[in-house]
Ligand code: SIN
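Only one chain is given next, in C-alpha cells, and it is the form predicted alone.
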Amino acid sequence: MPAAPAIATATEPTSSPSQGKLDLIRSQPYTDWAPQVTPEERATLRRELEQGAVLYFPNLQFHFQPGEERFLDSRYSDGKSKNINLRADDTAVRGAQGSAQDLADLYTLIRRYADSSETLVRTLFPEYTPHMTRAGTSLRPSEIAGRPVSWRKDDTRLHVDSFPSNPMLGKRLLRVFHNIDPAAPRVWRVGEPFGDFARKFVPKTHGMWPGQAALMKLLHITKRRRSEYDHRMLQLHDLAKADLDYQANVPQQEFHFPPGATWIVFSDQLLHAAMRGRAMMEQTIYLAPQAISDHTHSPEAVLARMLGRPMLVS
C-alpha cells in the first residue's frame, strides 16, 4: 500500500493541454424523472454509461416542497457524519439533528429523491431492473472545499469508489447525483478511462495472502469475505489518492454541474473528484454484474485481463 501522505495541502491542479483531450460528459435533453425514451436512445445511453461516460441532465430538476429549503443549512447535520443519509429499508434518516418534525420532513425529502432516482434508472435502463438493489440515499449539505479529512477520505482527489469494510463482490456502483444548491455549481474533475488508469497502478497492487479474506470477516473488519477484485480495487483507490503527481498531471476534465442538474455515473469505473459545492443529493444503486451488456470496459474485466485470471474468486 502507498505510504500515507499528510492531510491534503497540495493546490488544486490547474488546466493543462492534457486535460482538454478528455470529453466524458454526455449531455441529455430529458426533463422528467420518467422520460419518454426510444429504444435507440436507450441503447446509446447504456453504451455510453458502460464505457465510462457521465450522463448529464442539465434540466432534470428535483424540486423542494414548501419548507424543505431549510435543509440546505448544514445545521441539520449532526456534525459527526459527512452526510444525512437514508438506508434502503430504514424508516428514519441517520446523521441528522433537529425536531421530530424536522427529521420526519428530512425522511420524506430523501425518500422522494430515492424514488425519483430509481424511477429514472428503471426508465432509461429497463434491462437493469431485475438486477438492481437500492442502496443508500444521501443529502450532503456541507461545503466540500476545505473540509479537514485524511488523504484516504479526501474526495477532492481523483479516485474510483471502493469500500474497505463492504466488499461488493463484483456488484457495480451506479450513482445518481443532483445539485440541489439553488445558487452554486458542483465542481468535479473526471480523469482518464479506467483501463489507462489501471495500467499505471495495477502493477503496484498485490493479492491477498492465504486465509486473509476469512480472517478479516471473522474479525469483523469486513462484512463478508473480500474477493481479490475488492482487494485490488481498494488498493487502486488508495494509490491514486496518494499520488499527487498523478493527481496533477493525469489527463482530466473539470466540469461545473449547475444548480438543478442531475448526472449518472458508474463511480467504481469513472475517476472522479468533487472539488467544490454543497447541498448535493445522491442515490446509490448496486447492480449485479450480469446486467452489464458490454464487459469490455468494466473494472472486473480490465483487472482480469491484466492479471490473467478471474477476480471474483475469494
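We number the residues from 1 along the sequence you see. Keep in mind it's a predicted model, so treat the numbers as computed, not measured.
Although not depicted, the form predicted together with ligand SIN is the subject of the following passage.
A.B. asks: Can you pick the stretch from 211-219, 107-115, 186-194, 164-172 whose heavy atoms fall within 4.5 Å of ligand SIN in the predicted complex?
C.D. replies: Stretch with heavy atoms near the partner: 186-194.
A.B. asks: Here the chain is shown alone; which of A261, M280, V37, L287 has a heavy atom within 4.5 Å of ligand SIN in the predicted complex?
C.D. replies: Spelling it out, the residue with a heavy atom inside the cut-off is M280.
A.B. asks: Exactly one of D181, D155, D102, E228 has a non-hydrogen atom within 4.5 Å of ligand SIN in the predicted complex; which residue is it?
C.D. replies: That would be D155.
A.B. asks: Does ligand SIN come within 4.5 Å of a heavy atom in each of R140, H159 and F177 in the predicted complex?
C.D. replies: Every residue of the candidate spot has a heavy atom within 4.5 Å of ligand SIN in the predicted complex.
A.B. asks: Answer yes if any heavy atom of L45 is within 4.5 Å of a heavy atom of ligand SIN in the predicted complex; otherwise answer no.
C.D. replies: Residue-level check for L45: no, no contact with ligand SIN.
A.B. asks: Does L55 make contact with ligand SIN in the predicted complex, using a 4.5 Å heavy atom cut-off?
C.D. replies: L55 lies outside the contact set for ligand SIN.
A.B. asks: Which residues, if any, of 262-285 lie within 4.5 Å of ligand SIN in the predicted complex when only heavy atoms count?
C.D. replies: In sequence order, H272, A274, M280 come within 4.5 Å of the partner.
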